[in-house]
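Below, in structure tokens: the form predicted on its own, a single chain.
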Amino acid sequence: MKKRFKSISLADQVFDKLEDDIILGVYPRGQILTELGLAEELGVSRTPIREALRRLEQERLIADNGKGSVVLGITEDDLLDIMNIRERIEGLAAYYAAKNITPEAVQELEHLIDLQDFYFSKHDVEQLRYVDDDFHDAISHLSGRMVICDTLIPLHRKTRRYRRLVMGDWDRAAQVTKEHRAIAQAIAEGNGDLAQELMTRHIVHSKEQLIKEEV
């Protein structure tokens, strides 16, 4: 799990790279990005750069200022809005995942919990963050509700930087692993109401921690 290989286009790879770098603060708010500069930096042609910048502008992570693309990034207000949205709808994803549960889905969740426990035992913060991504994305997909899925997954990506900080707090990381395990169990048992309650509570706790990290 140290490396994640994807069969995706060059434009997608460039987009993922730039999105990560903006969200993680490699490119700070206010920095100007240009096609030529990024093409030279990443060693690719300007065509995938142009496509990636177009998508980043649609995500409102950058804006065209006439001289290039100015980085907007994720502000504290953005973070609060994202977590408020997640608080209101991520519980629904868990509810529907429980209602749609299959033996294959149970195995998928059990695998993610096993990975989580393994990396927690190794104090591997980076891999715990990856498993946290996978856990929440998996529940969104298992909900079978595409509107919910299409809403939540981009929001998960946009909080990567802040969740990395949270996972660095080992007391909170321990609580996250415990909460994930309880959510997975409720979903596996088909208990939609409990899964929704536990997920909503989990997001509230995460929001409180994320906001505290930003203060």
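Start at 1 and count along the sequence shown; that's the residue number. Computed from a prediction, not measured in an experiment: that's the story for all the values here.
What comes next is about the form predicted together with the DNA, which does not appear here.
- Only one of 175, 151, 34, 31 lies close to the DNA in the model of the complex, with a heavy atom inside 4.5 Å, and it is 34.
- Proximity of residue 44 to the DNA in the model of the complex: non-hydrogen atoms within 4.5 Å are present.
- Though the partner is left out of this view, residue 181 does not reach within 4.5 Å of the DNA in the model of the complex, counting heavy atoms only.
- The shortest heavy atom separation between residue 68 and the DNA in the model of the complex is within 4.5 Å.
- Although the partner is absent here, residue 24 lies well away from the DNA in the model of the complex, with no heavy atom inside 4.5 Å.
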